[in-house]
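Consider the single chain below, provided in structure tokens and representing the form predicted on its own.
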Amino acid sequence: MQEFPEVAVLRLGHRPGRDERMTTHVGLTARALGADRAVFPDNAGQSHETVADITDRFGGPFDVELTASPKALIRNWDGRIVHLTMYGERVQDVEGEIRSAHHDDEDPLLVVVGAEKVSFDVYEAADWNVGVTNQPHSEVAGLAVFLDRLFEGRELDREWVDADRRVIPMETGKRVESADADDDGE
């Protein structure tokens, strides 16, 4: 899916014991919906391991990494920054501008997803502060909607490479098979 410049998702903040599932789901959502990598704070090692394991089993390309200084990543980012916040501009009002800037300028895009109260310097560093809705909601839902609008649904047809397993779409039931199996499951 690398037809456009890089999209990285930064999980800003992680409260051990409280945010394990949410941080993991930020990474899994970033992976499934078209981002190229996720960056977690260095105290989110379990989430890092889970997302790396899913990528190993279900394919990539996708990278997940830890950083000791998420704010330094923001300060030193060589590209555009979108901060997802319910206080931001409506996604439907700015998605075209963001998509055009990302596609036309060929700058990498950093999508910042907070875990706790985000300091004002993040709002100032962002090129866009974007609200998927101005109502309280999950940051995972906000990330999913934003990425889908950024990629205009193309991420849903992504081809996964080096997968050990694949999910077979079914009307009813669940089926996961070896990626080496043919379409008849043999």
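Remember, predicted model here, so these are calculated numbers, not experimental data. The first residue of the sequence shown is number 1, and the count goes up from there.
Keep in mind that the form predicted in complex with a further copy of the same chain is not shown, yet the notes after this line are about it.
- Although the partner is absent here, residue 157 is a contact residue: one of its heavy atoms lies within 4.5 angstroms of a further copy of the same chain in the predicted complex.
- The closest non-hydrogen atom of residue 139 lies within 4.5 Å of a further copy of the same chain in the predicted complex.
- None of the heavy atoms of residue 48 is located within 4.5 Å of a further copy of the same chain in the predicted complex.
- Heavy atoms of residue 124 reach within 4.5 Å of a further copy of the same chain in the predicted complex, making it an interface residue.
- Shown without its partner, the chain has 86, 87, 88, 89, 90, 91, 92 in segment 80 to 109 as residues with a non-hydrogen atom within 4.5 angstroms of a further copy of the same chain in the predicted complex.
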